[in-house]
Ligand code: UT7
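Coming up is one lone chain in structure tokens, specifically the form predicted alone.
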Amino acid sequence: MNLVPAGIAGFGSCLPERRLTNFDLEKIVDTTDEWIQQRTGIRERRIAADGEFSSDLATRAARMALEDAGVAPDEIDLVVLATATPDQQFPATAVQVIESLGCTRAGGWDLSAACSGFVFGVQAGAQYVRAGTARAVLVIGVETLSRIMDYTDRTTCILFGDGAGAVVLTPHERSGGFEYLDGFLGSAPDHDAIIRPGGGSRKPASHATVDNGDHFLKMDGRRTFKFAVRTFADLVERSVAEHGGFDQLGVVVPHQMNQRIIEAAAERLGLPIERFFSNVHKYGNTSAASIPIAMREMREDGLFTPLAGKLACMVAFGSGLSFGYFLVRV
């Protein structure tokens, strides 16, 4: 079968207006601005307003991506929405976004891979375009993690924020740039390192699960940090191995988990930190939303322009433990 080259035709993002700074957190949990910045690089994060849901943020980010791509809503064939915080268990939040946007010919689904979700979603969407079964695919990463955060747990509440990002995938001849080259996804058998144990069939909602805090996100920071640094570096090296190596690498756009992890991975790879884009100081860890938010910001600020012809590696890892990357030529 002859595959159609796929590309990213448009980028969009949406960030809530409310800012939660480290100084705000000092008032509600045992922490300090200095402690947070030294360990994470985060200064503030965005928090969804009351009555503002994942579907709202996703719809706004998607509209921006469609406008950027010059693609009408009724041209979209498929919507893949990556999130760990859907509006509800079912129906899929993707369906609500489809309705809100007026994507009259599209089907869609939610993808649950937490921080790796957007990377997985782009790989899935790209295959539909490459196979010729879709001419335009909308991939969205969105989180309202503030809704599942325990603000008495300083190890987690300092890390996470809310937001949404989106891209439109089309045949490369229409996208005009950002050619999708390949991707990879995987998982390691360590499913409880990052977990929200309550609310599913294993621990359905009850007074006991609420009292135990099982509906909050829980994370083993040490396990996650060690895994992330090692996996991050391995994925970047693997991504460029068959595409000219590090000499062809223009930028790494990582899932924005923690500045220390980004710096440790750069050192492990022997690459200058300038090759790694980071905005974690402004938004914290927005999980599935972080990479598309970062890509939209780079596009707005003209940071991709001097990288024309170079490789850009988008890499992520998260609960599962899941991990993966996708690679584009700018």
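Note that the coordinates shown come from a computational prediction; the quantities given were computed from them, not determined experimentally. Residues carry their position along the shown sequence, with the first being 1.
Heads up, the form predicted in complex with ligand UT7 isn't pictured, but that's what we're talking about next.
Trainee: Counting any non-hydrogen atom inside 4.5 Å, which residue from I194, V119, A94, V137 sits next to ligand UT7 in the model of the complex?
Mentor: When ligand UT7 is considered in the model of the complex, the option within 4.5 Å is I194.
Trainee: Counting non-hydrogen atoms within 4.5 angstroms of ligand UT7 in the model of the complex, say which of A164, L169, C115, L81 makes the cut.
Mentor: Filtering the options by heavy-atom distance leaves C115.
Trainee: Looking at 52-60, 66-74, 259-267, 297-305, which lies within 4.5 angstroms of ligand UT7 in the model of the complex, counting heavy atoms?
Mentor: Among the listed stretches, the partner-contacting one is 259-267.
Trainee: Examine H207 and determine whether its closest non-hydrogen atom to ligand UT7 in the model of the complex is within 4.5 angstroms.
Mentor: So H207 does not count as contacting ligand UT7.
Trainee: For S175, is any heavy atom within 4.5 Å of ligand UT7 in the model of the complex, or not?
Mentor: No, S175 sits far enough from ligand UT7 in the model of the complex that none of its heavy atoms falls within 4.5 Å.
Trainee: So in the model of the complex, is ligand UT7 close enough to M219 to count as touching (4.5 Å, heavy atoms)?
Mentor: Flag for M219 set to yes.
Trainee: Is R154 close enough to touch ligand UT7 in the model of the complex, meaning at least one heavy atom pair within 4.5 Å?
Mentor: Although ligand UT7 is absent here, R154 would touch it in the model of the complex, with heavy atoms inside 4.5 Å.
Trainee: Could you list which residues of 266-295 come within 4.5 Å of ligand UT7 in the model of the complex, counting heavy atoms only?
Mentor: Contacts from 266-295: just N285.
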